[in-house]
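Structure 1 and structure 2 below are the same protein chain in two forms, each given by itself as structure tokens.
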Structure 1
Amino acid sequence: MRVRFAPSPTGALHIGGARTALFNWLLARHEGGELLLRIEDTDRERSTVENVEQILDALRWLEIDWDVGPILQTARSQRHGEALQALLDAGHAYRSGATADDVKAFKLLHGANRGFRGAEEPDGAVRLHVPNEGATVVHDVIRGETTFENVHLDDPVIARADGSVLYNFAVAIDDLDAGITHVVRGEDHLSNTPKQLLVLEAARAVGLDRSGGRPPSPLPIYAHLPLLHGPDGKKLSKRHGAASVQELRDAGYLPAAVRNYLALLGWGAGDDATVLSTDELIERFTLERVSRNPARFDETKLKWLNGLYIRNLPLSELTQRLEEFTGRTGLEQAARISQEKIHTLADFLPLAGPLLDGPAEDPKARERWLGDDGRAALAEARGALEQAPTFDEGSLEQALGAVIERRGAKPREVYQPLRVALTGTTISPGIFESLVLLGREEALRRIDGALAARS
């Protein structure tokens, strides 16, 4: 088995593209096949080398590796030219000066009952001859058979007048030459498949599948994946938050969690399993279990899953990822006490930052917890902290517990003023853990600051 992922470098790698890459990768790894990476850069207007780099980056971040490539489609222009000429010579394709407007006018006149057939002219763009009779049938592992009546199909332009080839031609020739056995891609390509099948048919008729003396290859098996939509059911876009892999990374998601979540979009293990390691995904992935319905990208569920993955990370790895993400060092203790409270790497600094960098500014929190009662409790807590025999979680809990008891207070009536004094806010890691992280001296300093702030 040989599959391919073939993005076009007209932008960053989108989540939909990432899902397609993942499914191809899971399939190849499950079957012990090969994954080929091909960059479809025949769109001269929109393809850029920066985008190519970004796509490779995104795949590497996702830890999706490939066995062959990356192959640039434009690097194969010589072969494309030969193949094109072969079809031209054999009369499977022809040149025509007809423009897109001509096609539109033709459709207006004839409706859908006739596909556009151009006049053969000495020069102009190259169109493929589509027969008026018969039908082209796409056999799809996921969708079964889809029949396209040839008479509905326009003769597609397969190359510009200057000989540079277009997608529907290049993709067919490249898949043929690369010996691709399974074409797994988004459903948006389903309607293009008959054109590619027709190109393939013509290519095989002139012996292009036997170029270089190789044996003729069978047609690839097709699998068209359901599309991914934004939370509103519309096409995924910037408006939906993280739409590209880069944005997912910047939002603090873990690659393993992203793979797990993406695998669940359009596929299910079949036994209600939701949390699946990458090994399990590889083990269990089959095309037969891919669903036909479009799926919506729901960041809430990703967030939950990511939180789960973060909680299951060894502390050393979490620390390393947090340090990489924030560009800081010495985060291990803060990471330890934040681990079960964050859902993304990006949640870390808002939670633990005040501990590390000094109290946050939150007037509401001060007003609510550092009034007269709060300050009285805080002053008493300060004394207990100063007196505590050792400054570890156990003895602090004991010392502060005694304060609570003595005052006949609810625990929060002591802990919240203390928390606000320490961090400036009402949300933080556990109070004892936070105290230990700060150390006695710094903790007392912050408490004194809070007591002095306003009388």
Structure 2
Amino acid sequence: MRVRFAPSPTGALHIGGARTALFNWLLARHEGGELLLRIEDTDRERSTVENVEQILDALRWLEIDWDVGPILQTARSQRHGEALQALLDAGHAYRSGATADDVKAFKLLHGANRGFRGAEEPDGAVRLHVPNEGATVVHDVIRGETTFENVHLDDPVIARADGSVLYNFAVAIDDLDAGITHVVRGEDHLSNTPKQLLVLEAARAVGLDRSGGRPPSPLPIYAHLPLLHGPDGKKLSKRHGAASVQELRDAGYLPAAVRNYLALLGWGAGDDATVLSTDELIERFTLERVSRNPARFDETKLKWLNGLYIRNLPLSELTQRLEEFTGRTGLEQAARISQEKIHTLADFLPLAGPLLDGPAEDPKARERWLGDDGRAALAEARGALEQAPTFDEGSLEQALGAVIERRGAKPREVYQPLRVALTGTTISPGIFESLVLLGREEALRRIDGALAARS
């Protein structure tokens, strides 16, 4: 088996493209086959070196590797020209000066379902001869068999008048030469498939599949993946949240969690399993389990899943990832007390940052919790913390528990004023863990500052 991922470098790798790459990768690894990476850069105006690097960077971050490539499609222009000339010489293609208006007039005369056939002219664009009889059949693992009667198909333009080939011709020749056995791509390419199959059939007829003494190549098996929608059922776009792999990375998601979630968009493991390691995904993945119905990308669900992955990370790995993400060092203790509360790496600093950098400014929190009653509870808590025999979590829980009992208070009536004094906000890691992280001296200093300030 040999599959390929063939993005166009006209922008960042969006989530739909990442899922296509992942499905090809999982299929190749499951079958012990090869994954070829081809950069389809024939759109000269929008294809840039920077966009190519963005795609490669996204694939590396997702930890999707490839066996062959990256191959630039533009680097194969000589081969495309040779293949085009072979079809012209054999009469499978012809030059035609027909315009869009000519095609429209033909349809008006013969009916919309009659395929356009152009007149041969020496200097026009190159069209492929479509047989007048028979049918072009697309065998799709996901969608079943679709038959296109040739009489309904136009002779497609496969090259411009200057000889530069068009997308469908280049893709077909590249797939042929690479020995691609399975074409797994998005549903938006479904309409291209009959045209590419017609090019492949013509290329095989003139022996292009036997270049270099190779045995004849069979036609690829196709699998067109369902569209991705947002939670509202509409086509996925930036309004639904992150739209590209880089945005997911910058939002603090883990590659393994993203792989897990993307794999479940349109594919099922067969037993409703949600959390699957990459090894399990490889072991279970087959195209037969891909649905033909649109899949829904819901970043809320991805965040939930990412939280599970974060909580299952060894502390050393979480610390390393947080330090790389934030550009800071020495975060192990803060990582430990935050691990159960964060869903993404980006959640870490909003949660633990006030412990590391000093209390945040939250006037509403001060007004809510540092009024007369709150300040009285805070003062009593300060005394207990100062007198605590040791400054560990167990001793601090016991000392503050005694304050709650003496005051006949609810726990939050002591803990929240203390939390606001320590962090400036009402949300933080656990109060005992936060105190230990700060240490007795710094904790008392912050409490004194809160008591001295106006409420």
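Under this definition, the rigid core comprises the largest set of C-alpha atoms superposing within 1.5 Å between the forms. Start at 1 and count along the sequence of structure 1; that gives the residue numbers used here. Computed from a predicted model, the values in this text were never measured in an experiment.
For the form predicted in complex with the RNA, the corresponding chain is the one labelled structure 1. Put the two forms on the same core and the Cα of residue 152 is off by 2 Å or more between structures 1 and 2.
Once both forms are overlaid on the rigid core, the distance between the two CA positions of residue 119 between structures 1 and 2 is 2 angstroms or more.
Positional change of residue 372 between structures 1 and 2 stays under 2 Å at the C-alpha, relative to the superposed core.
For residue 230, the displacement of the CA atom between structures 1 and 2, after superposition on the rigid core, amounts to 3.0 Å.
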